[in-house]
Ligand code: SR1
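Have a look below at one chain only, the form predicted alone, in structure tokens format.
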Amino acid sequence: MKFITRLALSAVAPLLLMQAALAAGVNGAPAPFDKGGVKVALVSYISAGDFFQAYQAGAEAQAKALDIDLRVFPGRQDAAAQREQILQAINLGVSAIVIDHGLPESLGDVVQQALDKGIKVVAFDVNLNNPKIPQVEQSDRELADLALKQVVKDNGDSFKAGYVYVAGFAPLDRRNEVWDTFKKQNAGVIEKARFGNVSDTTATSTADQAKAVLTANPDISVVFAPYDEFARGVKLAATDLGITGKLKIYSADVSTADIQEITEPGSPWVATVATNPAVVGAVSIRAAALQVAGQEVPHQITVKPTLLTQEGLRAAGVKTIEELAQKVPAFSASDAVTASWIPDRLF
């Protein structure tokens, strides 16, 4: 929570003086944003973990800049609860709903109800297979590809690997396609074990699985864990087993807590590839706002990722997300789905 408090404050602080001016809407904006108070719902499937908290903070900061009345429904990893929250948002009379992750098979009918009522819908990292719904993603295939190129750079193309994956989540499924292709192209890479868990205690439960896997397969030298909570769990297991010097962990996503764990002395977590989750949250709100304003939004909205290595972070003296954004400008902004009337200097 310390991380999200810092991020939220850093995101919102530049806006405090702006809010009085925006209280009656956004100057120069088309209707209904010229009047302000547009209701938008953010309905999440997962809200635990730094990535999801940062995503929400970015969405909230962008919503404040647009004088949006944002209603946040926190995720509990419960598909039935998420369905009910979408129905609640519809009944609140929102103009748009942003859906953050989820299980596609449980969302189709309630999302269609929203569309039938004229409510705009944006999906982040959940594929709802509907041409009317813009899909925001982190370029997951590029993200996984950058990570695996670093794996080969560090370890060559022949090694025993552990792989952390849970099917059914759009970003993980897209990253998995790249992993499967990578193995076909590199016959010397042997996947010794596949494991993983997504819950409100993902890191802890993954650590328990990783201990069993690493104990049973002492020849594993590389773990590809393309979600930072997975990587945190594997690192915890390696530390408990005393094998941090024999293992290298490669992941996706980043937070202040991740940076601290990657850069600490002796850490086996050597690289991650990430977008700024707060920027992705802001992009999701912008996509919703543009639709509500009747403006064109592409179906596929991609936020480009950045490779972050342990060596690079240490050399730059980066210890927090804020410092990362300052020292790597591409990490702090995205020109995806914006307009001249949308304030986008949030971080």
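Numbering starts at 1 and follows the sequence shown. Treat the numbers as computed from the prediction; the structure is a model and nothing was measured.
Absent from the display: the form predicted in complex with this ligand. The rest refers to it.
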* To do: Check, residue by residue, if 46, 172 and 175 all come within 4.5 Å of this ligand in the model of the complex, counting heavy atoms only.
  => yes
* Looking at 67 to 75, 122 to 130, 179 to 187, 88 to 96, which one sits within 4.5 Å of this ligand in the model of the complex if you count heavy atoms only? -> 122 to 130
* Asked: Applying a 4.5 Å heavy atom distance criterion, does residue 52 contact this ligand in the model of the complex?
  -> yes
* **Contact of residue 101 with this ligand in the model of the complex (heavy atom, 4.5 Å)** => yes
* Asked: Does residue 269 reach this ligand in the model of the complex if we count a contact as any heavy atom within 4.5 Å?
  -> no
* **Proximity of residue 226 to this ligand in the model of the complex, heavy atoms at 4.5 Å** => yes
* Structure fact -> As a check of understanding, the residue in 259, 213, 198, 114 with any heavy atom within 4.5 Å of this ligand in the model of the complex should be identified as 198
